[in-house]
Each structure stands twice: as C-alpha cells, then as structure tokens.
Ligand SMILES: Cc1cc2nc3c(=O)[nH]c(=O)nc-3n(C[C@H](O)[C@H](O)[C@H](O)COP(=O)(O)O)c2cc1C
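A lone chain, given as structure tokens: the form predicted on its own.
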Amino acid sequence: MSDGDGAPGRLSGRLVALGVTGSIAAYKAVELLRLLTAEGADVVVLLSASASRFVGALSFAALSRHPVETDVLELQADGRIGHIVVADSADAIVVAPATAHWLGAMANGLAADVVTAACLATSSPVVVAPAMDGDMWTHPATQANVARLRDAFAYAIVEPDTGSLASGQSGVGRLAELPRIVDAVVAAVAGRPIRQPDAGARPPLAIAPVREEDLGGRHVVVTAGGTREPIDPVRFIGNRSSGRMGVALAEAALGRGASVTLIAADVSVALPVDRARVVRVETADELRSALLETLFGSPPAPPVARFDALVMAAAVADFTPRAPAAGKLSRGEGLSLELRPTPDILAEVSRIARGAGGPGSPGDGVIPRPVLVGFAAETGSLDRAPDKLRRKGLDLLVANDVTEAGSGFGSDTNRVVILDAEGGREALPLLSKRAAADRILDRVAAALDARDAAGQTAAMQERNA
C-alpha cells in the first residue's frame, strides 16, 4: 500500500498487531487501524473482552481482513494458537488504548487476555498508548506500572494528552493523537528487517466475504488429506498432504449453502464435523470404497448420482504394499517392499458417471451429470496437467507446483492453475487456500448452473417436439 502521493508507506510490508483494551477511547482504534494500513501495514487486531463492549470485532475484521483475536484459548482453523502466531510474526504490537487495568496486568505479567498474552510471548517492540481518567493516570500505582513497562520492558510509551475526558472533567489522560501513535510505531520498527515476510506464517486472512448461496440445494463431495498405506501395524507409506486445501473447499461449499460430505484421510487441521457429514478413511482402498458408496450407492444396484459435484483434493497414494506384515517388522540390514498400484479412483468415478464402464454403469452415465474436479500436485512444471484432465475425463483440473514457496503442502496459501475440458486455463495469483477454494467453487457453481439450464432447454424442446 502507499500514501496519498503514491509513495510507499512507512510501514510497507510490516505486520502490526493492534491491541485494544476496555477504554471508551476504543472507538478511536478503528481510525488508528485505518491510519496504520494507509502507511502500508498489514494489521491484525487483538481485542480484550472489555474492549468488545465498546466496539465490535466485526468492524476490525472488515477493515483488517484478518480474524480478530479475542480469546487466549482460541485456535485458528489450522490448529495454531492465534495470539502466539501474532506474537511470533508481528513486527510491532501497539496497545491503544491501554487502560490502567491493562497497564497493571502487563507490568506484573498477568496474561488474562489476548493483548497481554501476545505481549508476553513476543520479542518484537511494543508501543503503549494509555487512556484513562486524569486521577487514574496520575495515581502512583499507574505511574509505577508505566515506569516498569518503559524501563524494565523497554516499551515505548505514548503518553496521553490533556483535554476533555469521559468523566466530563478536563485533564491529562486523553488518548494521544493518532498520528503521534503511528509515528511511534514507525520509530519502533525503524532499522529492523521485516520479521516474517512469509504470508503463510502470519495470521490467516479472514474468511472470504460472504457469498450468495449459489450452491444451495447441491450436494458437494470433497476428499481431503493424504492416505496412509500400511507396511506393518506400525509403519506406513504416506505423503506430505495436510488436508488444508480440501478442508478449505469443504468450508467454502458450506458457506455457499451446499450439503457437504467430506471424506478425510490423514489431515492436520480441524474438520467441520458439526456442519458436514465427515467420513474418515486411512488407505486408498478405504477411500475408494467410501467414495463410490457416497457417490453412487451400494452395488449391485445400478449407480444413481447422489451428488452434484466431486472435488477430489485428497492426495491418494499411487502405490501400496502388496502384502502388509501382520506383525511389526524387526530392524534388519534393509527392507524390500513389493508395491502394487492403487486404483485411479477419480478416473473410475468419471467412467461410471460418464457411462464408460464400471459395474452396472448405464450406457449414458448417471443423470444429471455431476461436475468432476481433480487436483494435480506437480513439481517444477505443469506440462502434464492437460493430459491428466483428458485422461481422467474431468470438467476441471486444479494444478499447482508444490515446490513453489507458499504453494506447497502444509502452507496456508496456494497458487493454482485451473484447467477446463474446453482447453481453458486460468492462472490464479497466490491466495489463501480459502480464497482459492472459492475461486474453484465459482467455476463449479457456474458449471452446475449451465448443466441445469441445458437440461431445462432440452426438456422444453422435447415437450414441444
């Protein structure tokens, strides 16, 4: 970002944590956030419980584009502790307004709220702008706490101004003018390198803006995570998939009104078990069985489409041990494994859905025809992706280079290319996985709408024939 004349802001590229505590001046923190972002800062907000009684988290989330941290026990969607992520990645923490209560708690290390906890956990500079009644500010206890923060903790104190106070009196205690607080933040980070330039290590972006429920009434099936293929009861062959992309797709589909079945192998993120039907599997064979039953029902009955779209984001092993050992193998000089290929599950689903094979598969496939989306994790080049799309008979293929920074397994971001059956290619910029999920589902929703429109047109033509 930049200031009004187009020059880079003084906080360009910086992550600034804005701690807001329970003063009536909390409403000014919204404007402070705007000023910090105008200087180029990426701002994440920490809100104490008492502060939320003066100003709501929604205002801060909308302006910062980050979820607001309000609870020391709260975990982020990927399982990380919110205030610790802030503490580990912020270039500076600014507490404005800081109440007398907060000054006392901080001076004595009492981490009862996210603001204090983040300050205790960080090694970044801390800027404190107190605001309170004049007699509270001048009380020896408050002055002692401020002195300790300044002298023992090396916090930068932006002392309050003199003016009208909430009590109706006039005196010292008024929150400092906001540009002065911004200047103090700029001074605190001057000469320091950007602490955490990797977006994936910073606090995640807020959940994507609420979209219309364009998948309302649809059944979307998503697979996520990596399969584990057993060598013996203790060891397995696995992969680096965390399941983040698949879970983001499930969350995005739920947010757009879909009924979601999530078939999850090994994942390292929380699953939406309270809002989606979640089926846990471990191996490729288990995933295949669960997926075919979910999509088409149990054999030997002819398959019937029980879904509108399948998004196959799981990382399915290509090979599995032919004969897993019944007991734990002992350590030896070496170990030789005989592997067999696992079924190409997505290609099999496509053959059944399109009517090109599979037990009981009708000649014309299932009606209405579902939308099939595959994923291709490549290394160094996406040249093989178009052939995968064609071979598997897919509507869309989402390809990414997992060796690219911020786009590999386990990251919170992804840079993907969406290929379609008509030869189209859409390269997306580096996005959060939730934002990438919504861009993928934009294409799925459009394809389903086009499918239904074509079906209605064909039905009308048949009736008029």
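Numbers for residues come from their place in the sequence shown, where the first is 1. Superpose the two forms; the largest set of C-alphas matching within 1.5 Å is the rigid core. Treat the numbers as computed from the prediction; the structure is a model and nothing was measured.
Form predicted in complex with the named molecule: not shown, discussed below.
Between 30 to 38, 434 to 442, 419 to 427, 45 to 53, the stretch whose residues reach within 4.5 angstroms of the named molecule in the model of the complex through a non-hydrogen atom is 45 to 53. Residue contact check for Thr99: one or more of its heavy atoms lie within 4.5 Å of the named molecule in the model of the complex.
For the chain shown alone, Met132 is a contact residue for the named molecule in the model of the complex, at least one non-hydrogen atom being within 4.5 angstroms. The shortest heavy atom separation between Met136 and the named molecule in the model of the complex is within 4.5 Å.
Although the named molecule is not shown here, in the model of the complex the stretch 10 to 28 places heavy atoms of Thr21, Gly22, Ser23, Ile24 within 4.5 Å of it, in sequence order. Core-aligned CA deviation for Met136 between this form and the one not shown: 2 Å or greater. With the core held fixed, the Cα of Ala436 is displaced between this form and the one not shown by less than 2 Å. Trp102: CA moves 2 Å or more between this form and the one not shown after rigid-core fitting. Compared with the form shown here, the C-alpha atoms of Ser432 and Gly19 sit at least 3 Å closer together in the model of the complex.
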